[in-house]
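Below you will find one chain, with nothing else, as structure tokens; this is the form predicted alone, and questions on how it binds or moves follow later.
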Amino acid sequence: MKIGIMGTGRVGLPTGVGFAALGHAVVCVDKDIAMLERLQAGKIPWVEAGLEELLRSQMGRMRFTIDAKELCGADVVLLAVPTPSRPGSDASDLSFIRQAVGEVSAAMPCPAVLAIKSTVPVGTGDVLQAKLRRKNSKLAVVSFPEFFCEGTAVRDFFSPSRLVVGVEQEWAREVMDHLLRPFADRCPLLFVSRRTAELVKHASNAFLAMKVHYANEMADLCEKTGASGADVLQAIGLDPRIGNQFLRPGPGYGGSCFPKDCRALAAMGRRWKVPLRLVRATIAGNEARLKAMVRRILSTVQTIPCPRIALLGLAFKGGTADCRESPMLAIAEGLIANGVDITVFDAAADGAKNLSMVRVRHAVDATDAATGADVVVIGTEDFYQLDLGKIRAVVRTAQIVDLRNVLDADRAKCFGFFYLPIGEKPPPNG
């Protein structure tokens, strides 16, 4: 089959490369010329395990272009363009989707499936299909939501937990069934209504965000009562009805999906007059979590004049360079607002450059960041192998606030650190 991809970002590119690896001819369309030139050279501009190597192996089956007319003759065109929050609103901005649909429609004289992988509000496909019908377009709009996790997108493509296709026309269902036949023995394949598929992605992400916030609330309760947050959450996660994924405490959720999709789902609730109280409470709780983490860090330096804080890890999670809506960026800004000097380091984070305020120094490595610091803050899971001996030798005050619980508490104490993880009763001198 000939497959078209509109948008070569963190969803579109792994999808296109994956289908090329399955033997399809793939045409990727994007407006970012610099991005396309980089991809044509076999390089990707972000961190994603295994993707660059797979891209290079599939260059013979892939084309990269700015011209949507090269999609002509495609059996399926996948839309993977951004749907950010609308400025000043929680609702999704669909301007990129509308533009992409218009370009595809103009380029496609023959019947084809237009499969939307972008996360869109329920009912979007109906609106787009109606507009296309007025133009006598032969495109069938299908909802085909993605469930990739940053850092594991290649694995998620080839070994998905499930595939969901929202389709209204029988011939479009047959096309998608043929495209996805290689996955028939790998995961459940659900054919549902278009509106159902559109809602699945928002509902999934909001539920995972709720689990993250629930873990944080239980960790807070454990700290107050003297229970072990790690043990409580482990025991909860062993219940097969609950599961242990996303049940770890931390600084709060972030990234390009959870915050945006929770807000968009809340906006859909308001539109359809369904309160969605759990979703709204999760959003409010996560915002409060960021402020609580700022207070937590400041509490360790409240008696120190002109304190210095080292932040290790700025991405929204470990294993990625993505700082979009990262809790650590919000925490850094909160510390700066309180007049604290901070030094930051994240070898992969592309958002570190956004913290260019007067009170921020960018370090070359973790030891450099910790030099002269009064507290070292672990912000992502990437620092689980931190050399505590080196860090102990350069800090001014031996304190670690571990917002990801990746270090061994006993080992940190052996090196003389006051160690403060999440979900455990603070030490007596804390």
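All residue numbers refer to positions in the sequence shown, first residue = 1. Quantities reported herein were computed from a predicted structural model and do not represent experimental measurements.
If you look for the form predicted together with uridine-5'-diphosphate-xylopyranose, you will not find it shown, but the lines that follow are about it.
Proximity to uridine-5'-diphosphate-xylopyranose in the predicted bound form, defined as a heavy atom within 4.5 Å, singles out one entry of 157, 258, 345, 144, which is 258. Listed residues 205, 282, 92, 118 were compared with uridine-5'-diphosphate-xylopyranose in the predicted bound form; 205 is the one with a heavy atom within 4.5 Å. Stretch-level contact check against uridine-5'-diphosphate-xylopyranose in the predicted bound form with heavy atoms at 4.5 Å: of 247-255, 295-303, 190-198, 217-225, the positive one is 247-255. Under a 4.5 angstroms non-hydrogen atom cutoff, uridine-5'-diphosphate-xylopyranose in the predicted bound form lacks residue 75 among its neighbouring residues. At the 4.5 Å threshold, heavy atoms of residue 183 stay clear of uridine-5'-diphosphate-xylopyranose in the predicted bound form, well away from it.
Interface residue remark: residue 148 is counted as part of the site for uridine-5'-diphosphate-xylopyranose in the predicted bound form, having a heavy atom within 4.5 Å. With a 4.5 Å cutoff on heavy atoms, residue 317 counts as touching uridine-5'-diphosphate-xylopyranose in the predicted bound form. Residues are counted as partner-facing when one of their heavy atoms sits within 4.5 Å of uridine-5'-diphosphate-xylopyranose in the predicted bound form; in 398-425 only 404 qualifies.
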